[in-house]
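Taking the form predicted alone, here's one chain by itself in structure tokens.
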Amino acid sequence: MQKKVPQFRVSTCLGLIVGILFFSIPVSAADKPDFSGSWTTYRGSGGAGAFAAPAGEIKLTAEAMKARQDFISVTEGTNHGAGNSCVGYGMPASVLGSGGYPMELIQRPEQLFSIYEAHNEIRRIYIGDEAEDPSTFFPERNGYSKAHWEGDRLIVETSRLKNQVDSRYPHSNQATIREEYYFDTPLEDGTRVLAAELTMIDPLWLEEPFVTTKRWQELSDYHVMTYECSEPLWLDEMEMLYKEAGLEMVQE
């Protein structure tokens, strides 16, 4: 008697195929948290929050304290501060405060865009394979930021910073910053809360790593507004020129 070859149901075969395909597909960016939205400093209730610096003490070396004091001595009582010249805050001040103005995050699989309302400051965070070798880029006040996912947390590493003494968080161009973004416990009304654990290391200007946590709460139905800092300064200069020429200024 011939043995019969076992017959598998079509549904069983399809189930095996689907199962194999399911477990062979890598987790995509669509499975990651989406931080897109408009955010303001966390205050635990509705509405926009004023500037509130997160906790954390920055301990400067003697070299850093001298550089900071030299800057204060030549700018104190003048209009030559960075803000008066429409210069953005730079890292880490842009993410930790930005003058209390809101920020908007736009997330794509390969990039996270941080748009700070103050000074229209924009920061690009390159995710995964989108990131390139930071050493091939010029130093900037916000540095070069690359990121990767660890579970539901986005780990951001920033380098290529400049010496910066005009900030409440002074650092040398050797500083590196690590941020860890994640969703924290929402407010009672369901408002999303975003957190970023930040660590700045600087072998030249910091006696020890500066560690702090920044939190934001989401603003519903809000997009950051245009912040035109340099235009009023230009208009003041134009008004003076028109006045000296005895002409009527119609430029607005």
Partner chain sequence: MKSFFKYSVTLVSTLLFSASLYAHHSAAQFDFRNTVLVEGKVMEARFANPHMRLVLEVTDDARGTRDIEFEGHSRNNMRRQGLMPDMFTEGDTVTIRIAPMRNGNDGGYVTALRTPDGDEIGRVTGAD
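Positions refer to the first chain, counted from 1. Note that the structure is predicted; figures quoted are calculated from it, not measured.
As for the form predicted together with its partner chain, it is not shown, yet the points below apply to it.
At a distance threshold of 4.5 angstroms between non-hydrogen atoms, residue 189 is out of contact with its partner chain in the predicted complex. Though the partner is left out of this view, residue 69 does reach within 4.5 Å of its partner chain in the predicted complex, counting heavy atoms only. Within 4.5 Å of some heavy atom of its partner chain in the predicted complex lies at least one heavy atom of residue 97.
Its partner chain in the predicted complex comes within 4.5 Å of a heavy atom belonging to residue 227. By the 4.5 Å heavy atom rule, the three marked residues 57, 77 and 117 all count as contacting its partner chain in the predicted complex. This chain is displayed without its partner chain, yet in the predicted complex the stretch 59-67 from 180-188, 59-67, 193-201, 31-39 comes within 4.5 Å of it by heavy atoms. This chain appears without its partner; in the predicted complex, the one residue of 139, 128, 151, 81 with a heavy atom within 4.5 Å of its partner chain is 81.
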